[in-house]
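Here you get one chain, nothing else, as structure tokens; it is the form predicted alone.
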Amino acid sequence: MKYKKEKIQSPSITPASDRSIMLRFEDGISEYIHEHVYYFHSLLVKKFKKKIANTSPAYNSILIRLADGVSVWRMIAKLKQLFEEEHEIYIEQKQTVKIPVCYDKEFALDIDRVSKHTKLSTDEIIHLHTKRKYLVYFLGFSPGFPYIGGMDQKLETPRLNSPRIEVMQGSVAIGGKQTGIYPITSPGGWNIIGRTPLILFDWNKISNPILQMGARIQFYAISHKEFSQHQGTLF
């Protein structure tokens, strides 16, 4: 657990539509900004439960969609008042979750593309991808899809020119400076470098995803045999 008491720089607060408000913190992507997004996202949901329909946190912003009948301008006034206060920011220190990944060619459809772009061998790609501890900054794109930060810059690879119509559930991929996991079968344009046998999304628990914003994860390599043994296991 970590506590930090500080008077933060107030984010910009602007209408995003007649029913929504955008909070934008400092520019860029960093764990420092993430701590503020994480803390205030949790606080807003609790403090204004009856006034907020839903929220969409991102790397450095929070989109707030208001409940019916709530005035955008009155809500903006309340938010400005909130950010004038001094806050004791509480960040939960979570245990690192280890996720198995099979990097065999059968599952690593784009590892040659990543290798060509980065000038790294397959073994080097696997080594760099598994040695880091990552942070789930937020969820988006599709249900439960984690945007994961902290990847080694040497692995940075542009997304595919033409997205695939279908990317298999469990596919582990690289998109630009990020890595991620496709929790359900869906379209996608990231470079697929492996697949986890674990089921990381449960439609029966859609409001409480298995991998959540703020989670810490680390990948580790497994063989094709180990993949088969654990395939379909609910995380």
Partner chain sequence: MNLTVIKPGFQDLVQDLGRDGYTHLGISPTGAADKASMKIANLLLGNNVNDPVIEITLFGGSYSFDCKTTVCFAGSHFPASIKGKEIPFLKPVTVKQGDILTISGSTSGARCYLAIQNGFNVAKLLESSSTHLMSKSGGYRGRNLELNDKIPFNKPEKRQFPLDLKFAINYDRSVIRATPGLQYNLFDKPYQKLFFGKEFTVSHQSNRMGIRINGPKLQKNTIQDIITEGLPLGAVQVTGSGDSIITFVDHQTTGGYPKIANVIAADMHKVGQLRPGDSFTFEHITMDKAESLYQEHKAIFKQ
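Residue numbers count along the first chain shown, from 1. Quick caveat: nothing in here was measured; it's all calculated off a predicted structure.
Absent from the display: the form predicted in complex with its partner chain. The rest refers to it.
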Considering non-hydrogen atoms and a 4.5 Å limit, does its partner chain approach Phe40 in the predicted complex? no
Please tell me whether any heavy atom belonging to Leu139 falls inside 4.5 Å of a heavy atom of its partner chain, as the geometry stands in the predicted complex. yes
Any non-hydrogen atom of Val72 within 4.5 angstroms of its partner chain in the predicted complex: yes
Looking at the partner-bound form in the predicted complex, is Ile199 within 4.5 Å of its partner chain by any heavy atom? no
Every residue of Ile126, Ser171 and Gly232 near its partner chain in the predicted complex, heavy atom within 4.5 Å: no
Of these, 140 to 148, 78 to 86, 116 to 124, 96 to 104, which stretch puts a heavy atom within 4.5 angstroms of its partner chain in the predicted complex? 140 to 148
Let me know which residues along 176 to 202 have a heavy atom within 4.5 Å of its partner chain in the predicted complex, or say none if there are none. Ile184, Thr185, Phe201
